[in-house]
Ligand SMILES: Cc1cc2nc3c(=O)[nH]c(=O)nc-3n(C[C@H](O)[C@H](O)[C@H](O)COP(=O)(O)OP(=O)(O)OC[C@H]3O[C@@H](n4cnc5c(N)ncnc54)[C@H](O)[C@@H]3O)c2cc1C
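Quick heads-up: it's one chain on its own, the form predicted on its own, in structure tokens.
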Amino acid sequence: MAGRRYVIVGNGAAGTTCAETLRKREPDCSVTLVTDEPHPLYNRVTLPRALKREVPMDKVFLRTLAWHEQVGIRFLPETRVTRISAEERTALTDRGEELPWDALLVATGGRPRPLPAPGASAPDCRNFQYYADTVALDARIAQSRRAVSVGGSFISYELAEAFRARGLETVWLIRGPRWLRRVLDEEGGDLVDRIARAHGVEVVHGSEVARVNVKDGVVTGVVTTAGETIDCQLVGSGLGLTMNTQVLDGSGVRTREGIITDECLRTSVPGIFAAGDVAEYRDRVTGQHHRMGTWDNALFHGRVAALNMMGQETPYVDVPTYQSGLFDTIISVVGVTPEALPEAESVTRSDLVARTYRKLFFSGDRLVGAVLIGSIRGKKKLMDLIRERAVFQTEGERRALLEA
């Protein structure tokens, strides 16, 4: 094992955690960490708080250039891997350097889908995925009076929340009948709408941006598919991600929406692994392949990938969870939802007056996931039951769990 060479493509939570784990556990190895961004690791979960100016922008950074040197990780920022050869076990960069590897990790995540409307290439139409997006949005918010957030994703809600927190009049356009339409039912969507509207957000369903009006390079408004013109100076989009799998083109690695792996995060080609958002991994809980784009999931993936790159047989076994503020309340998603498991059955309990909502998801007779709004009471118990593959055969047993 001495002197083994590791190459990691992507320096997000999964990639950087993998690099750090390898250096700690195998001191004689070499680790090269490649990213097309100019920055070392930063906390994407903190970007919404930075945009709201609840934390200083520089506080989102978790690593420095000096840290990589101190721990012995070769860090290549603003560098793209253009070709991976499984036969030669090399990775070629756009700088013409050939990186040899004994094991390679692809942790490239996804890129935001652009707003598909004429005029949407204007600088004041922004996605919200990277540190650079946050800096650009922060500057434009200070010069704007009104903003539009587009989409039914977590990103679109975070944009709407940040725009309002910074004092902008805010319109939230959602194409579907409700926010997180594949996860929430009508009652859950109604609760989120009530919360957003109570904070001054104008929520509009069943409408999309047909055109962005631009004058002298500056956004002046949007025209919706319903024919309405909304004056604004800023447009933020959260329309989902396209997974960055193209780095593996021609490598022989199987991909679908993401990169297909087994439960040890191994791809179909020996020596190549995938982790984080881009990994379409086999989940032991459901027995199916799916992706999970959460920070904690990426951290755990990075550790497991490192161990298996070193030759261990360590499966990824965990219950993914995501938690976020929702204006003045909270939302927590646990385990697997219908976004990854469309055939999942569910039971729901909601209280619009108390602003609480609980929805549990079942695959067959096993609990596999949950979404909680307003109160996360019982979250740990639900995670334990999912991990234990607990069985709930009757409607009565499932509904009793809602009250637990």
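What you are looking at is a predicted structure, and each value in this text was computed from that prediction instead of being measured. In this text, residue numbers run from 1 along the sequence as written.
Here the subject shifts to the form predicted in complex with the named molecule, a form of this protein not shown in this document.
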**Site check G188, G335 and F361: each within 4.5 Å of the named molecule in the predicted complex by heavy atom** = no
**Prompt:** Where does the named molecule sit in the predicted complex: which of 190-198, 229-237, 318-326, 255-263, heavy atoms within 4.5 Å?
**Reply:** 318-326
**V81, heavy atom within 4.5 angstroms of the named molecule in the predicted complex** = yes
**Asked** If you check in the predicted complex, is L184 within 4.5 Å of the named molecule, heavy atoms only?
**Response** no
**Request:** Answer with yes or no whether A14 is in contact with the named molecule in the predicted complex, where contact means some heavy atom within 4.5 Å.
**Result:** yes
**the named molecule contact in the predicted complex: I155, any heavy atom under 4.5 Å** = yes
**Prompt:** For 175-209: residues with a non-hydrogen atom within 4.5 angstroms of the named molecule in the predicted complex?
**Reply:** none
